[in-house]
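Presented below, as structure tokens, is a lone chain in the form predicted alone.
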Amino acid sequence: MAAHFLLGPQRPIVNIDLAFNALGDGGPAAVVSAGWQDAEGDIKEVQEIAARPLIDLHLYQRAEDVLASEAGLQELYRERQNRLQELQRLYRLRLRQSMLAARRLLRVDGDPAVVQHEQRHAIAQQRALDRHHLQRIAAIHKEFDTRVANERLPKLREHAKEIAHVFAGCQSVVITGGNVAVLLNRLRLFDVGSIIKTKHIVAWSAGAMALTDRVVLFHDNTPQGRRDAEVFEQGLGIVNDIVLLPDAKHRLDVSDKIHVALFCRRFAPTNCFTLNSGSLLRFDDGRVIGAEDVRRLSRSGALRKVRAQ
């Protein structure tokens, strides 16, 4: 049975050692650090903590090599990214008005028999928009994958074969944080998701988000002011029915209970979990069997401690 360890940022508290110690096999692990982009492969500190051989797959560099070598793929890739960016822009336009209405309704006083029905309907509309957006994202990826499958891409096949060979010799995979969009694009390009489903996985921050079935971006505290949480991408779907909130301590305004309650109700019945520095969630066979310093957003606007199932 594969164990999946999802952790928060590794600064200031480093706790990836807890995950490695729990694995206990001591065998080599493949590393995906593509989210670090130009710093990819800088895993010396992780290597010291892991106390086992680590093999960085260099997915970011491999992708750059492939895209530079395969003009047809580069064009398909650029077209997909442009479509995804345009889709996200249009989604944000619709999201802004939907969220504004939902927030105002949740703060309205009045006859509960009337108000609560309208509140539920507003949240249902928000869910429908999020669901539609995720379906459109999935359709764009599916079209891209179909077109790529029909292309003759020797450089891509060459790298994919080398990556599969590394994975064949590793029971565990490490996925670092960084830029979640870059990370997911590289994981998808080499179809890593289908390979690592049966592997033990240690992932943190963006790496943990990439394992879920949908990536939600959130940031309540920016120099430009609050931004609405937005469905951003389709994840790998290795750990399902959760929304992960890395570094929630600094990025989520938990003082506003209406805001937290709306976040929770918008994504229900999916659980929304905070992953701060020092947090750890362990999933075995899709179930939470271990949780350290993890909180779940609740309908009341409070954060509840997460316990193993």
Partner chain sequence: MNPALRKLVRKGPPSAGDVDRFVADAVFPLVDGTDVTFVYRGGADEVYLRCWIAGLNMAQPLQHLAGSDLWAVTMELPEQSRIEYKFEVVRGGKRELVLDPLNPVLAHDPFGANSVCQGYRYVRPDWTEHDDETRQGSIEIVEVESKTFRERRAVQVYMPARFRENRRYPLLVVHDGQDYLRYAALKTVLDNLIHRLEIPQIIVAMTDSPDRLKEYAGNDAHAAFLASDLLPLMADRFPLVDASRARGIMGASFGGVASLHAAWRHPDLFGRLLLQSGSFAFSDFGAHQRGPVFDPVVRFMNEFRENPGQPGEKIYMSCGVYESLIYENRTLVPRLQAQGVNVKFEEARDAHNWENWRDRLRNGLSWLFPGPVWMVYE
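Treat the numbers as computed from the prediction; the structure is a model and nothing was measured. Positions refer to the first chain, counted from 1.
Quick note: we don't show the form predicted in complex with its partner chain, though the next part is all about it.
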Counting only heavy atoms and a 4.5 Å cut-off, does its partner chain in the predicted complex sit next to every one of V174, H200 and G235? no
Which residue, A39, A51, A68, I258, has a heavy atom that falls within 4.5 Å of its partner chain in the predicted complex? A39
In the predicted complex, the residue from L134, L105, L217, L84 that sits within 4.5 Å of its partner chain by heavy atoms: L217
Is N15 near its partner chain? Define near as a heavy atom within 4.5 Å, in the predicted complex. no
Indicate whether its partner chain has at least one heavy atom within 4.5 Å of a heavy atom of D213 in the predicted complex. no
So in the predicted complex, does Q119 come within 4.5 Å of its partner chain, heavy atom to heavy atom? no
Can any non-hydrogen atom of I140 be found within 4.5 angstroms of its partner chain in the predicted complex? no
Heavy atoms within 4.5 Å of its partner chain in the predicted complex: which of the stretches 96 to 104, 184 to 192, 157 to 165, 227 to 235 has them? 227 to 235
So which residues in 170 to 187, when you check its partner chain in the predicted complex, have a heavy atom no farther than 4.5 Å from it? G177, G178, N179, V180, A181
